[in-house]
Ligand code: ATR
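Take a look at this single chain in structure tokens; it is the form predicted alone.
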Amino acid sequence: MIKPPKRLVLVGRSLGHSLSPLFQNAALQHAKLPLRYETLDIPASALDDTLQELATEDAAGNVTVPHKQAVFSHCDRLMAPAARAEAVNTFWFERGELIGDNTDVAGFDAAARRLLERTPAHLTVGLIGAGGAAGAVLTAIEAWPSCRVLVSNRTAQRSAALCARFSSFAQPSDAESLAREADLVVNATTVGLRDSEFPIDPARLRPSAMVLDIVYRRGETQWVHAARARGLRAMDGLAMLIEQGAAAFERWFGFPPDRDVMWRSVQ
């Protein structure tokens, strides 16, 4: 039997844009659970003390940029998706032990299926980024039949290290090759979160390419708008956000939330 948490938090930095409190609190209220989901904006220097405090409070929650990989290293036990992705976005405590999971994996998979409108298979995926979010994306794609991934990152060393962990289907790439070959282009960086920058110019992509931006913002990202203006099928990260949040809710409480309630709260 799952012991429900006594406190729910989102741990990260610059969290004013986050929609997670909106849909998690809507789900909690609908389920008649006497909790509030709150944000904890903390620097890296405060992470250790914060996790110790949360342990004493029987808390649970989510982790976002830039702490996903740091929390991974603090966990006493990891669920399989987090261990493979080497990043944690969902956590809870059991008898004082910090347990880490990565529901971004399931969230990305659900979002990709929504965009593609079919089971993902036989795709060349262009992945931009090599951080914790990229690890979750590759963990999801690993289960897709006959796919390969071209990974482009500003720091070539990071993309090489990430691809080495997924060497059976992922390889480092440059932006030009990625644009020329990818059927699905995924932005796993924070580019476009608070600005109008593009991770890659949609004009460089194949006419049949699809775009999945794991970044989300009110009114969608400029990259998604620009991709659609080029005639490309494109979607931002809201579906991934809702799905990872629903999976986290089920981890904490042992039953799924009402997804319709979650969606209505952010529309």
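Numbers follow the displayed sequence, beginning with 1. As the structure is a computational prediction, the values presented were derived from the model and not from experiment.
Note that the form predicted together with the ligand isn't included here; everything after this is about it.
Contact with the ligand in the predicted complex, defined as a heavy atom within 4.5 Å, holds for exactly one of P81, G126, G129, G100, namely G129.
This chain is displayed alone, yet in the predicted complex one of V105, A182, A170, A188 has a heavy atom within 4.5 Å of the ligand; that residue is A188.
Though the partner is left out of this view, T90 does not reach within 4.5 Å of the ligand in the predicted complex, counting heavy atoms only. Residue contact with the ligand in the predicted complex: A85 places no heavy atom within 4.5 Å of it.
In the predicted complex, the ligand stays beyond 4.5 Å of every heavy atom belonging to L138. Contact check for R165: every heavy atom lies farther than 4.5 Å from the ligand in the predicted complex. Heavy atoms of no residue among S146, R148 and M210 are located within 4.5 Å of the ligand in the predicted complex. Residues placing heavy atoms within 4.5 Å of the ligand in the predicted complex fall in a single listed stretch, namely 149-157, out of 73-81, 114-122, 170-178, 149-157.
Contacts with the ligand in the predicted complex, taken as any heavy atom within 4.5 Å, map within 49-70 to V65, K68, Q69.
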